[in-house]
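One chain follows as structure tokens, the form predicted on its own.
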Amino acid sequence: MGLQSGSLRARLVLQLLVVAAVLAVLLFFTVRYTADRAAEATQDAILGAATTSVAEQLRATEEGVEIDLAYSTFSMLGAIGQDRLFYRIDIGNSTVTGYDDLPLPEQRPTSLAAEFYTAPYLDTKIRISAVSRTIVVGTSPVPVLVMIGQTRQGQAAIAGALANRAALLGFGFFVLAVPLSLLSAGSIFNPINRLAEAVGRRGPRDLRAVRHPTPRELAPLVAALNGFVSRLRGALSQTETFIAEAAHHIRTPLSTVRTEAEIALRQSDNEATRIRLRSMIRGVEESARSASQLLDHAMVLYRSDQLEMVEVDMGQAARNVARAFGPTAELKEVSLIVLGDDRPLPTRGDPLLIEAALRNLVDNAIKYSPEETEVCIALSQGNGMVKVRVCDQGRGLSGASMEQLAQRFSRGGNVSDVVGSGLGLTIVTEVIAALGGEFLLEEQATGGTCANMSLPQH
């Protein structure tokens, strides 16, 4: 099952806008239907009143029925629009005035209560009101049917005007819903953003449980995050403990084996045995160096994500490393010189990583230097950087680029006879990348290599 992607905010806003659009359409049709019914009811009321008025004005005379069609009756119908009017008056079974082809109702009305119906007439549909009454002429009752028809233009105009207003109202509602939807989505996701900011402001070693106030709906997320942080804290603690214990348990036995082998070498007079002992010492030395650098590399990888950024004096750190490698340099008859005054060279970084990088640079310089040569450690600062330059008089880079030599387990083609693991420059490169510094290897014209390590000045 693939991971779902996309913006929750966009989806929420889209859903709110869809709801707003549906409500706007429903509002339009509701108002349109209501306007049609209201206009029809109003027109029917006026039309029925006019029909009833005509019917009530009929009088019986000695000669028959007198009809008085008052102008005010028809003017009342014409006041609300430009509709056409049609009327028909039947006395008995014959039409005495009006349009004799005006459609009759399906059932004859039985009282003065108007009956309404719609029927096609001429080129349009008309609304017809029919009223029936009985007039006594002489001694005989005579049925009278009065009908008045009216076209629907006025009603349609009224309904259309109301519908247009409803459409404008619906459109305005939808337009207003756009910023309201954005504001609503923002207010909903603000607690999530604040939680993310609170977690993002933490330092790399801050693995406390999250206690940021959040809505109830985010409680499962916070609980899961705290569970993950707890597991991560335990895993990192176990990793750090393992690295420290592994370094101790690997280095100590190898050092013991090497010491015993060197003692045996001094005491042995058998040349074959001495050759084997020298081979064993070389293998132990190679294993010890590889194990040491592997553990250093593991420590660098671990602390790169858990940097402990404090102020570090690069000059003092370089001098400490030089003192630690003094005996090694003397055994190889290499002069280890530190150039630069005792002024502090402050930078900000992880002291263990800086020490690991300096240790590998000095170790490489001594390791690849011939006897009775110098390894120079120059300390300086400038352009906002503190710099350590380690130069030797060794074999150089043999044409290999820095990118090639910085790869894991990669070594130059001219150092196969020297014990090494191919991790020294890898460690230095990763430390410099983690601390935001610069690292450059230069091959000297007179022979040897200079390694330039720079970190931002604090």
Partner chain sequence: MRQYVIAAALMCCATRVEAYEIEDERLFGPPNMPVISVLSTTDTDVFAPVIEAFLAAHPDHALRYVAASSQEVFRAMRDEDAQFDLVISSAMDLQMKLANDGFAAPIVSAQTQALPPWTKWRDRLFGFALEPVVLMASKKAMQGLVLPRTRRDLIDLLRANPDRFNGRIATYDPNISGAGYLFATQDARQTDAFWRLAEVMGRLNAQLYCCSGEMITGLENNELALAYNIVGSYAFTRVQGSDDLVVIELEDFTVALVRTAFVPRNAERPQMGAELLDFMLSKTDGQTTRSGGAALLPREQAALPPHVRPIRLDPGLLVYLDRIKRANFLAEWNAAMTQP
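Numbering follows the first chain given and starts at 1. Predicted model only: the values in this text are computed from it and were never measured.
The discussion below concerns the form predicted in complex with its partner chain, not included here.
Contact with its partner chain in the predicted bound form, defined as a heavy atom within 4.5 Å, is made by none of 198, 208 and 217. Contact with its partner chain in the predicted bound form, judged by any heavy atom within 4.5 Å, is made by just one of 333, 341, 106, 100: 100. Contact annotation: of the candidates 84, 348, 274, 194, the single residue with a non-hydrogen atom within 4.5 angstroms of its partner chain in the predicted bound form is 84. Contact between residue 245 and its partner chain in the predicted bound form is not found at the 4.5 Å heavy atom cutoff. In the predicted bound form, at least one heavy atom of residue 153 sits within 4.5 Å of its partner chain. Within this chain, residue 311 is remote from the site of its partner chain in the predicted bound form, having no heavy atom within 4.5 Å.
Within 4.5 Å of some heavy atom of its partner chain in the predicted bound form lies at least one heavy atom of residue 95. Screening 353-361, 292-300, 120-128, 177-185 for residues having heavy atoms within 4.5 Å of its partner chain in the predicted bound form returns a single hit, 120-128.
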